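Read the single chain below, which is given as structure tokens and is the form predicted on its own.
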């Protein structure tokens, strides 16, 4: 039987994808004591970027939120793998770091990263509330519009 966090994902209609190997010299997840650090995840599905371009010219805030949510889904897939398949070992979400590839006059970076933040709260409830950064940048790898990394407390 699936744990409570897996049940929340199912209720949201989310099936976690298979994880993808890193594209460079890093690991996707690293555990240190009771914390798991998840490397930046981009909005990809089945190993292909679903979104490419910038907020403010190619994408609306709402589309950026969808891209950030997909980053969060990929974060959860990496976390599940790091926890040997058991998301119920999560005590809480400590922090999300969000990077938004945006035009110079774009000002809604926090709204975009809400796509990832909202999913963490939807899945983990109060334990999903976290500290956060939402940073605008001029470019991201492969021209994706959003990248999100995370830190979790686990047991």
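Residue numbers count along the first chain shown, from 1. This one's a predicted model, so the numbers in the text were calculated from it and none came from an experiment.
We do not show the form predicted in complex with a further copy of the same chain, though everything after this point is about it.
Next on the checklist: in the model of the complex, does residue 102 come within 4.5 Å of a further copy of the same chain, counting heavy atoms only?
Outcome noted: Residue 102 belongs to the contact set for a further copy of the same chain.
Checklist entry - Is there a non-hydrogen atom of residue 89 within 4.5 angstroms of a non-hydrogen atom of a further copy of the same chain in the model of the complex? => result Taking the distances in the model of the complex, the answer for residue 89 is no, it never comes within 4.5 Å of a further copy of the same chain.
Checklist entry - Should residue 34 be counted as a contact of a further copy of the same chain in the model of the complex, where contact means heavy atoms within 4.5 Å? => result Because a heavy atom of residue 34 falls inside 4.5 Å of a further copy of the same chain in the model of the complex, the answer is yes.
Item to check | Any non-hydrogen atom of residue 14 within 4.5 angstroms of a further copy of the same chain in the model of the complex | outcome: Heavy-atom contact with a further copy of the same chain at 4.5 Å: absent for residue 14.
Checklist entry - So which bits of 99-119 sit within 4.5 Å of a further copy of the same chain in the model of the complex, heavy atoms only? => result In sequence order, 99, 102, 103, 104, 106, 107, 109, 110, 114, 117, 118 come within 4.5 Å of the partner.
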